[in-house]
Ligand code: MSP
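Below you'll find only one chain, the form predicted alone, shown as structure tokens.
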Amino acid sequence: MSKPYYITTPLYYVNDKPHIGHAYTNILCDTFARFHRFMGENVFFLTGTDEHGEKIDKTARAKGVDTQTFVDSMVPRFKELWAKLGIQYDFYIRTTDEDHKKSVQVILQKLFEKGDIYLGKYKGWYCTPCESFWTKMQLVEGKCPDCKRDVQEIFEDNYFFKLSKYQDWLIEYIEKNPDFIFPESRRNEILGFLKQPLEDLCISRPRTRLAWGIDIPFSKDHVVYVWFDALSNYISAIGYPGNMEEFELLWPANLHMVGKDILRQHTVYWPIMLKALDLEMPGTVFAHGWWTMEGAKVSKSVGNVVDPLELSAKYGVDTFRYFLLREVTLGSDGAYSEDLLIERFNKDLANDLGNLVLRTTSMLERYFGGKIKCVNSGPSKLKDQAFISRDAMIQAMKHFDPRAAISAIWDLIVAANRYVEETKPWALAKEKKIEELGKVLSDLLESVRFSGMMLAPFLPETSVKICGLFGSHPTPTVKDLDVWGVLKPGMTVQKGEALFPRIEEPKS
């Protein structure tokens, strides 16, 4: 069996309900997972929740409930959202899972015995919302450099992981492996960060300050730092170290998709942890941008949260997916507004795609009773465009660019709409040019069929509807795009529906 394409999301913190940022990451990963399945590959798609740490413990206390009870109540909210958005993950990991806890403890013990973990005195500034320690030099105007909130000075005995021991190795690895960090701007950011001496990572919290966490196996007085715990999920979820057969089939991960705010943890802490464990590096860590509203990052901490459940219920799951994937190039920040979403809906989904499907199938119904009359066996510019779009879509996805991939599909959709205006099927019908009309409609219908199949990774519900008009398999693969001319005389094509009825005014 060939190695499956292994793709991961970060683990989401369960201190509040999921928002558009969480949805964006999972939709991206779901799109890439569907694409690789579309290409005929086996896929293993991992997502889950991060359920330890001081922030979660404080939230539970503030609500007056036991912390385990609190996290148990939050996880269904994430699973409900993924189900509503059609996210097809293969495994959902929770950091409170017993197998994960055991794995983390084995990892800690190995690194401790190797001498890469040691007990030391810690003095520093701690940001509770970010669960991060900072030196005084790193503070910005006395506040956390990441979230700009207050920090507290802490003195305590803690365990440290020797990041500094591996700094030179990491720099060399990143320089020799340009595909390890994407986009290039983030790779340069990390190389810039690594020009400064790398401080060892504090990986514990005293039990007197925080009891909610995984026990450190060699100290009854400490629990594990939440980031060391969370990062380990990428290997604990696939059997490390209890089921090495499964682990060796899946590891290394092909793609870790993360937000740019957690890039350092995934490109400094995580590769050094793996190196210390003598494990292979993941293929690529891709840091996507943030969604902003009026210039501010959309986040729970800022309080400008966009509810993905509400949006997808209002406009449809595929509309929501389309907006997130098409609006920005992966890696850049995106500006969210409901007006922009409606604009994309009307222009692209209603006017271009929906209109093409409806009028093409309606003309077949009107002129030929829904049956293919004849096919075009000669040259066809729509056929040429279909294969150009197919190849461009595939190449764009291989280069982590779903926006360009969708744009390539739209090149065919736009070309087909233009072809309608150029050939004027209604005029051909009026002039009784039946054979020419049949050939025009067959080319248009093949364009609709190709477009529907290519949309499978991006707009899965829409793809199923379009493929269903032709009696095609609801989960097409790239092999289905090998042939233009599947439609034969006498075949029935169902009349399409208005897939995306125009929105005339923003809904309140």
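Keep in mind the model is a prediction, meaning the values are calculated, not measured. So that there is no doubt, residue numbering starts at 1 and follows the sequence shown.
Another form, the form predicted together with this ligand, is not on view; read the next lines as being about it.
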**Study point:** in the model of the complex, residue 496 touching this ligand (heavy atom, 4.5 Å)
**Key:** no
**Study point:** this ligand contact in the model of the complex: residue 283, any heavy atom under 4.5 Å
**Key:** no
Review point. Is residue 187 one of the residues lying within 4.5 Å of this ligand in the model of the complex, judged by heavy atom distances?
Key: no
**Study point:** Heavy atom of residue 227 within 4.5 Å of this ligand in the model of the complex
**Key:** yes
Check your understanding: Just one of 266, 390, 94, 222 has a heavy atom within 4.5 angstroms of this ligand in the model of the complex, so which one?
Key -> 266
Study note, to complete from the structure: Among 419, 336, 166, 234, just one has a heavy atom within 4.5 Å of this ligand in the model of the complex, namely 234
Exercise for review: Establish, in the model of the complex, whether 10, 19 and 259 all lie within 4.5 Å of this ligand, using non-hydrogen atoms for the distance.
Suggested key: yes
Review point. If we check this ligand in the model of the complex, which of the residues in 31-54 reach within 4.5 angstroms of it by a non-hydrogen atom?
Key: 50
